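Just one chain is shown here, as structure tokens, and it is the form predicted alone.
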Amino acid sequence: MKTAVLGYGTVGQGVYRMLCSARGLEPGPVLVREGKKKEPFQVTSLEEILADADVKAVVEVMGGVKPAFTYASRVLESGRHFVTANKALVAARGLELSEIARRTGAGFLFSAACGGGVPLLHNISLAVESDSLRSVSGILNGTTNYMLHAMQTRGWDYARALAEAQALGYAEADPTADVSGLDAARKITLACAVAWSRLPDRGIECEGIESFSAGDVADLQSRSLTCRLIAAGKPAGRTVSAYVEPTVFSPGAPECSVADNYNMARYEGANSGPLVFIGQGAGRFPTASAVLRDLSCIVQGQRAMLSADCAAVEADNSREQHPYYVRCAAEAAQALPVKALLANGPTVRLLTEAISVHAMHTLAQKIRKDGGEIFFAGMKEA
């Protein structure tokens, strides 16, 4: 199957190189920006790709929603298969692209958009054919995991951890999408859509790691706790619970051993029980390998990851409850359901009673709106 590629950055180069030696696949033209064409196989317009009748599939690794959506819709309207690693595109316009694909009979797969080389979406899409999934969660952002791991094992503060992540290429010059939790939120959005045919395009509670400090590291280490950024989703009536937040784990939890920029994803099936996947969550060849896996699935006959009845919903986190570890000013703590006071003074550290995810995130927003500081992390109970 001759396959064109949109984008020739880090991942695009990996996809093209793998296409050159993959069984059942062959490389087609590669779209690059005007002025960037340096190789005979490169083109500068989508029209040149669509004019090639031998091209049966197109891979998109450009990123962003514009112009990726325009390109994707035109590819699918032409009846060609479309594979993408673009989480922002699928989270924002995936339902529309899925509808076009069903109408034209084209394949639309995107397992590389969540977890890089970690086959989370791929396995969820297979599992739902015969099992009912109870939950999906995990460490879905390699940048923040690298930073959190470095802060807790190398003694680095937040600024140094971020600078090192940028120097290694794990973090962008503007790291906001990673450190704010937005990247992980987009990924759990896709996981929910594949697992339960509900795409939470609003209502996701999202807390990143910007408030995590060296003082928090010291206190957690004194209690033998480890912090990771976790994205989680599960069914909630006619919708889903979906959120991202720092979470602290007791020794022995698998998440504690996930180092550097690795991802760890898990889901629990009613029949299969819990399954865990660990691997590189980003990078040229881990992500390219997921793209090639999708292309191979298309060759074997798979056409969709989103069901025909998949619908956009508002996430509901009001019924998802657990305790929280919190650092905040003493006066702000009065609004929290305190279970245990860990450290007293102008700044306090405490454990809360079980409180809903929605309530905790709402309280934190109010504290910050009033000019206060807060760090909070869900407590993962053994």
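Position 1 is the first residue in the sequence shown; the rest follow in order. The model shown is predicted, which means the values in this text are computed figures rather than measured ones.
Only in words, not in the display: the form predicted in complex with a small molecule, which the text now covers.
For the marked spot (Gly7, Val11 and Lys36), a heavy atom within 4.5 Å of the small molecule in the predicted complex is present in each of the three residues. The small molecule is not shown here, and in the predicted complex it never comes within 4.5 Å of any heavy atom of Ser241. Using a 4.5 Å cutoff between non-hydrogen atoms, Gly63 counts as a contact of the small molecule in the predicted complex. Contact between Arg228 and the small molecule in the predicted complex is not found at the 4.5 Å heavy atom cutoff. Mapping the unseen interface onto this chain, Gly169 counts among the residues with a heavy atom inside 4.5 Å of the small molecule in the predicted complex. Shown without its partner, this chain lists Met305, Ala282, Ala191, Ile209 as candidates; in the predicted complex, only Ala282 has a non-hydrogen atom within 4.5 angstroms of the small molecule. In summary, among the residues Ile49, Val313, Leu336, Val32, the only one with a non-hydrogen atom within 4.5 Å of the small molecule in the predicted complex is Val32. Only one listed stretch (228 to 236, 250 to 258, 80 to 88, 118 to 126) carries heavy atoms within 4.5 Å of the small molecule in the predicted complex, and that stretch is 80 to 88.
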